[in-house]
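Before any questions on binding or motion, here is one chain by itself as structure tokens, the form predicted on its own.
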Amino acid sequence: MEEVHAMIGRVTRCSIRGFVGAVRLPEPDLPSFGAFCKAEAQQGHSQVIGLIYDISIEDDEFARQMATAESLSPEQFSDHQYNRQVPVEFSALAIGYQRDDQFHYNLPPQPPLTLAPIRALTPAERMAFTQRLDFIPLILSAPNLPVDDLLTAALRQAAQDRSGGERRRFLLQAGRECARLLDRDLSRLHVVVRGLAE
């Protein structure tokens, strides 16, 4: 049975280093930090694989008006928090791309186009992409991002797609790769390893 690719937004800004998406979703369906996603590029010939590193609620005039109210009834609060769709913007770091059913672990040749759909990777796609850990250097070298937290969130999510023994092997392998890449920065390595162990 084919897994469903949930659409989580559409591209609003992009470069080969990543893309920004916008969507209006109820709170339980918001994308999460460290989630793997993909956006179509090259007229459908490739998919840019991204890792969500920032999520923000956009300016909402109605929420601003409600925030200045003296008091809110439980019904008003519930309606705004759970029933209204909120404008959400999220940013994803490009960590590879897929073309002709092959994963490539470097920056894509072209970014996705504006309004391209952004979809969550299925568990099977995450497992396939993370069979190799060659995406880790792209995360670690990203400037001005919370890369240590992003890396641990992504690796923990990838581990959850695996069964017990396989999960442990994956985390050990990921820890070894991080140790190799961060051998000159032991304080960062400690943060990453501690995050993987939680």
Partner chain sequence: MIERSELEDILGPRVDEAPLGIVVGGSLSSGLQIKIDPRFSMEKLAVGRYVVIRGRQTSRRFFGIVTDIALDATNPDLVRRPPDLSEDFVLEVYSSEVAIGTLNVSLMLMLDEEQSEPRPVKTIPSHFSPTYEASAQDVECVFGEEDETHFYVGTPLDMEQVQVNIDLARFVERSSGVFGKSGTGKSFITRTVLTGIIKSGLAATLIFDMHNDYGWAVKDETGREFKGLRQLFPDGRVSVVTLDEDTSRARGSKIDRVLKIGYEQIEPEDVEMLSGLLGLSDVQTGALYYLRRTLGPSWIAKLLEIEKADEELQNLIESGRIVAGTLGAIQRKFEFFHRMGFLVPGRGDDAVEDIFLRLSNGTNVVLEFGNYGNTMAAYILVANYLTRRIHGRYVRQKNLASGGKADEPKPLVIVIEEAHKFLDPKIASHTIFGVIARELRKYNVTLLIVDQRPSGIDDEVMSQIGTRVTCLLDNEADIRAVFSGVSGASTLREVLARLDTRQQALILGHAVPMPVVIRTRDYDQSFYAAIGVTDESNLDDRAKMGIDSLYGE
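Numbering follows the first chain given and starts at 1. Since the structure is predicted, the reported quantities are computational estimates derived from the model, not experimental observations.
Missing here is the form predicted together with the partner chain; even so, the following discussion is about that form.
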Using heavy atoms only and a 4.5 Å cut-off, decide whether all three of Leu172, Gly175 and Arg184 touch the partner chain in the predicted bound form. yes
Interface membership of Leu189, the partner chain in the predicted bound form, 4.5 Å heavy atom rule: yes
Quick check on His45: any heavy atom within 4.5 Å of the partner chain in the predicted bound form? no
Determine whether any heavy atom of Ala197 comes within 4.5 Å of a heavy atom of the partner chain in the predicted bound form, and answer yes or no. yes
Does at least one non-hydrogen atom of Arg168 fall within 4.5 angstroms of the partner chain in the predicted bound form? yes
Neighbours of the partner chain in the predicted bound form among 138 to 153 [non-hydrogen atom within 4.5 angstroms]: none
